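One chain follows as structure tokens, the form predicted on its own.
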């Protein structure tokens, strides 16, 4: 369960970025995986090449990934929004941006797998016969703090009110004085920061490589599971998916891990296409 919560926490940090963008712009931002990958590399090089302490590298990976997400929005999506392009164009552009980022890293940094330096002791916490990994506990704690902070921003601040209003209707929000361009900028920034954190945490637990962003496929499944466009749904769906994957690996076989994830996706799309907490909308598909 601890391993499942740790994995689900990483999925949640990734999935909320999907849900935030989808809630306003009505498309799945598949370039999110590239942002996660860049965040993982920023944290790695900050701790190895620059020899920075963990906390500073962690902040830099979030800031760097957040700025990259904003840059992608300005260069890739803003021109499409200005031309009122169909949402299919957004998806194609997102896939193209993701492929570009992966191949750019392969061409410049190389395809070699890299391992983070040891930050925490490998000696686990012990509660009787139970061994708790320090990195898993740290991932759960960091993800919890990040997600709680995001929920507070969305529910308690003025910009959060603008985000919630825009998720219902961009046109009505503009008429009520909401600056939608700034709102979208904040959404991409917040999603990018959490994506950078997720990339570094995932890289610390496993390894860093150019295609690490492919893990966002699971976070997309989690977002659909919980309900695209629903922030609580993305978090709940991510935690459930992480726990289910680990339980399947532990009690059946790791060969069924990915199979179960996509069976869940297909089942949800058939039985309840809006997900656990999603809402039906003709504009969202």
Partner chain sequence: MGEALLRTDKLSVSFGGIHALRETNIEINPGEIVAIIGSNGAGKSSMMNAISGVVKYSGEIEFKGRPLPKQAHRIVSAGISHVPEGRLIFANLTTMENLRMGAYLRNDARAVAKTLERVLDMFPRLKERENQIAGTLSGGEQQMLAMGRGLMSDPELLLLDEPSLGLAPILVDTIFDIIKEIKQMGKTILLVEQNAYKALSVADRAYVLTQGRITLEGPACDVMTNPVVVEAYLGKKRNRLIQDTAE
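Numbering follows the first chain given and starts at 1. Nothing here was measured: the structure is a model prediction, and the numbers come from that model.
This next part talks about the form predicted in complex with the partner chain, which is not shown.
Undergrad: Could you tell me which stretch in 152-160, 90-98, 203-211, 106-114 has residues with non-hydrogen atoms within 4.5 Å of the partner chain in the predicted bound form?
TA: Comparing against the partner chain in the predicted bound form, the contact stretch is 152-160.
Undergrad: Using heavy atoms and a 4.5 Å limit, would one call residue 128 a contact residue for the partner chain in the predicted bound form?
TA: Result no; residue 128 lies far from the partner chain in the predicted bound form.
Undergrad: Does residue 133 make contact with the partner chain in the predicted bound form, using a 4.5 Å heavy atom cut-off?
TA: Contact with the partner chain, no.
Undergrad: Tell me, yes or no, whether residue 78 is in contact with the partner chain in the predicted bound form, where a contact means a heavy atom of each within 4.5 Å.
TA: It does not: once the partner chain is placed as it appears in the predicted bound form, residue 78 has no heavy atom within 4.5 Å of it.
Undergrad: Although the partner chain is absent from this view, report whether residue 120 comes within 4.5 Å of it in the predicted bound form, heavy atoms only.
TA: No, residue 120 stays farther than 4.5 Å from the partner chain in the predicted bound form.
Undergrad: By the heavy atom within 4.5 Å rule, which residue out of 71, 85, 144, 172 makes contact with the partner chain in the predicted bound form?
TA: Result of the distance check: 172.
Undergrad: Out of 165, 189, 140, 215, which one falls within 4.5 Å of the partner chain in the predicted bound form, going by heavy atoms?
TA: Residue within 4.5 Å of the partner: 165.
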